[in-house]
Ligand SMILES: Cc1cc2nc3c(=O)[nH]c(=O)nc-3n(C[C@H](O)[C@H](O)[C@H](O)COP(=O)(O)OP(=O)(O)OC[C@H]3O[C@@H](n4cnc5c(N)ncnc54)[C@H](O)[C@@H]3O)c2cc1C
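Before any questions on how it binds or moves, here is one chain, the form predicted on its own, in C-alpha cells.
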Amino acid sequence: MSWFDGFEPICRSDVPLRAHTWYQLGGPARWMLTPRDEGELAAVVDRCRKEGVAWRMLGRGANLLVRDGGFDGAVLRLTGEIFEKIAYDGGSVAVGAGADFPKFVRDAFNHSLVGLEALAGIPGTIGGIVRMNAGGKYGEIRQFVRAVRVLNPKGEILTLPAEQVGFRYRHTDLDGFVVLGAVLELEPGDRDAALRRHREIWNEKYDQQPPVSARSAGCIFKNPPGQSAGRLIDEAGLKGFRMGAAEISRKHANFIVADAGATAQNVLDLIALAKDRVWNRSGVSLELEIEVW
C-alpha cells in the first residue's frame, strides 16, 4: 500500500522537473500530482501531511531552481479549466491560481481594464505571482489584490482580505498555504494606451536584462533596502563570471544564465560566490528571491 492510494489517476512518479522550469535544470520529482478540483487538492495535501510526505506547489517554474538531485516529495500542479478560470464583474476580476499571468494581463486589456501594464514582463501563474508579491520597478501585484482564496494549513478553504495576506517586498504570510485564486480590482481605461505602456516597459526590461529566451529565473536576489543587488554584484567584479556553463549575466549581474551543459550546482556555486563577495566587499547580506528545491 502506497501513500497515494486512490490518487493513481492524477499521480506520476519520477517526473523530470527540468521540463517544468525556466532554468531547465535539476533532477526529477519523486511524484507529481495534478488534482482535478479543489476537493481533490485538499485531500492530496491532507494525505501528504498525514503520511509525512514533503510537498511543493509548482506553477510555471519561472522563479525556481531545482537541485540536480531533484525533489524527494510530491509536486502539485494546478492546471485545467477549474484552476485557470478568469471571471470578470466590472473592474473586479476573480482569477484562478493556475492562470498564466502574462496572458491574463493581455486578456484584461481586451476587457478595457488597465493597470497591470506596470507589471509587464513578469512571468508565472497568478498563484505564484500573489504568493511572492511579484513586481518590479513600476509596481507590485499587491496594488491590485483585494482578496486571496487559499487552502490553509488546517485544510480549510478561506478567502482572506488583502490586509490579512501580509504583503511586503517579494513576500507574503502565505507560507504553508495553497493559493487557489485572487480577486483583483482593475480600472477601466484606454486599452491602446495600456498596450503602448506595456510595450515600453517590456522593451526597457529587454534592453537591461537577459532576453526572456535565456535560461534564467529572473532576479536571483532581492534588492537590499535602498540598494541594487545587481549593482553590488557588479561592483564586486562578478559580471560575466562563470562556473561550468552558468554565468552571472554580463547584461544584468542579478541574473544567472544557464548555457547548454549547465547544472543546477553551477548556479548554486555562483549564488554562493556572489553572496560571499558582496558580503566581504560591502557588508551586505544578499537574500534569495528565487526558490531553491
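Please read these numbers as outputs of a predicted model, since none were measured by experiment. One-based numbering along the sequence shown.
What comes next is about the form predicted together with the named molecule, which does not appear here.
Original post:
Which of these stretches, 157 to 165, 192 to 200, 175 to 183, 87 to 95, has heavy atoms within 4.5 Å of the named molecule in the predicted bound form?
Top reply: In the other structure, the partner sits against 175 to 183.
**OP:** Using heavy atoms only and a 4.5 Å cut-off, decide whether all three of Gly121, Ile129 and Ala134 touch the named molecule in the predicted bound form.
**Re:** Verified in the predicted bound form; spot residues all in contact, yes.
Original post:
the named molecule isn't shown here, but in the predicted bound form which of Lys251, Arg30, Arg60, Arg67 has a heavy atom within 4.5 Å of it?
Top reply: Partner contact (heavy atom, 4.5 Å) among the options: Arg60.
Original post:
Heavy atom to heavy atom, is Tyr206 within 4.5 Å of the named molecule in the predicted bound form?
Top reply: Yes - in the predicted bound form, heavy atoms of Tyr206 and the named molecule come within 4.5 Å of each other.
Original post:
Wondering, does Ile82 line up within 4.5 Å of the named molecule in the predicted bound form on heavy atoms?
Top reply: So Ile82 does not count as contacting the named molecule.
Original post:
Any chance Ala217 has a heavy atom within 4.5 Å of the named molecule in the predicted bound form?
Top reply: Because a heavy atom of Ala217 falls inside 4.5 Å of the named molecule in the predicted bound form, the answer is yes.
Original post:
Counting only non-hydrogen atoms and a 4.5 angstroms cut-off, does Leu116 reach the named molecule in the predicted bound form?
Top reply: Looking in the predicted bound form, residue contacts with the named molecule do not include Leu116, since no heavy atom lies within 4.5 Å.
Subject >> Residues within 4.5 Å of the named molecule in the predicted bound form, restricted to 22 to 48 and counted by heavy atom >> reply: Read in sequence order, the lone residue that approaches the named molecule (within 4.5 Å, in the predicted bound form) is Trp22.
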